[in-house]
Each structure stands twice: as structure tokens, then as C-alpha cells.
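Given next, in C-alpha cells, is a single chain: the form predicted on its own.
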Amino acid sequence: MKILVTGFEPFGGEKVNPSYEAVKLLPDRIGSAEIIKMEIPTVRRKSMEVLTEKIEEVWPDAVISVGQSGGADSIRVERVAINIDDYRIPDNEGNQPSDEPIYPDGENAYFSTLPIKRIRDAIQAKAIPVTVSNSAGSFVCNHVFYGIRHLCETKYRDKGIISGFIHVPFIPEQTKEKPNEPSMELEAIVAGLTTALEVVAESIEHRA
């Protein structure tokens, strides 16, 4: 069993991105699952190009994308991705689309195929703040969430890959000069993501 977990490079003037800082610290194996970790660019289109190449190299059973949600006070397990790029700020190569479809021939939205409620409950049982979120935004996080779900429903339909997205808060070093912004210790984020991976691995085993 293989689970591909991705985090993003820093963007928006930040020096770090807690998504990849946490992904780097995840275990290499969870039960029978090999955990494959990857940093992807915070860039429209390019993020999906490198991800598609990696998926077709390793053919994972699941893809879990992780992104930063500045201002969030909990881990956010995302439910739905929408077919819109509408960037409040430019991405890392200056792209700033407005109300543009990610895939013109794609569905309006796709739901996560991860067991999102079980993930939430398992993280909550560890006393880590977590919620199910109904909006992944319209920046590169949503672009990747939607893009992978679109591939899984079309080009990769016969592969049976499950996929979804998890947002994580700032870590404390990012909020030293932003005292009103919430943050979460990196260790708690890592623990929450590890728990999510345990739930996903168990789900894949039961499916098999």
C-alpha cells in the first residue's frame, strides 16, 4: 500500500509553509502503508504537472494533499473542491486568475473520497482541534484538491485512487509579528496528520 502526501512551498511572503514542514516529519511507514512525501509548487498548473508525474510514477492507493490555512484555529478536513481558480493574491509565479475554471470540461465540484468524518473523530480523540470544512477556498490548495479528484474520476478511474485535502493552521513562528492570528504547534499538526493517515490506511485495508 502506498499513500502519497503532499505539502506546499511557502507563499504570500511567508518563510515557511506548515503543510510541508509537517509532511516532512511524518513517519515513512504506517502499518502496511508506505508514506511517500512530496513538496509541490504553489503555482497554478505547475502544481498539477509535478503531481501528475509523481502519481504516474508510484501509483498510490491514496493521495492526501495538505495546505496552509492562515487564520484557521484547527486542522480542517476538507469536504469539497470547486472548479474555480479565483486568486486573492498571486501565486509564486505571479498568476492571479479571476473566476476561471480549472478544467473547462470538469464537473462543478468533486467531493473528497477520504473518510472525512472518521478522520475528524480520530483526530478529535487525540484532543487536537479539528473540524470538517465545506470550503477549500479558490487558491492553489483548491486547484490541487480539484485537479486530483478530476483525474481520479476521469483518467485514473480504473485505478481506484482515493484522494482529499487537509488544511493546517499557521505554526507559532509565523505569528510572532501577527499576535491576533491563531496558530498550532507543529508537533500537534504532525500528530493530527499521522492520525489521518492511520485512518486512511485502515480504510484502504478494509476495502481490499
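Quick note: we count residues from 1 along the sequence shown, nothing fancier. Computed from a prediction, not measured in an experiment: that's the story for all the values here.
As for the form predicted together with a small molecule, it is not shown, yet the points below apply to it.
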Check: 179-187, 44-52, 156-164, 60-68: which one contacts the small molecule in the predicted bound form at 4.5 Å, heavy atom to heavy atom?
Finding: 60-68
Notebook entry, point to check: Though only this chain appears here, would residue 141 touch the small molecule in the predicted bound form if you measure heavy atom gaps against 4.5 Å?
Noted result: yes
Next item on the list: State yes only if every one of 8, 11 and 19 has a non-hydrogen atom within 4.5 Å of the small molecule in the predicted bound form; otherwise state no.
Entry: yes
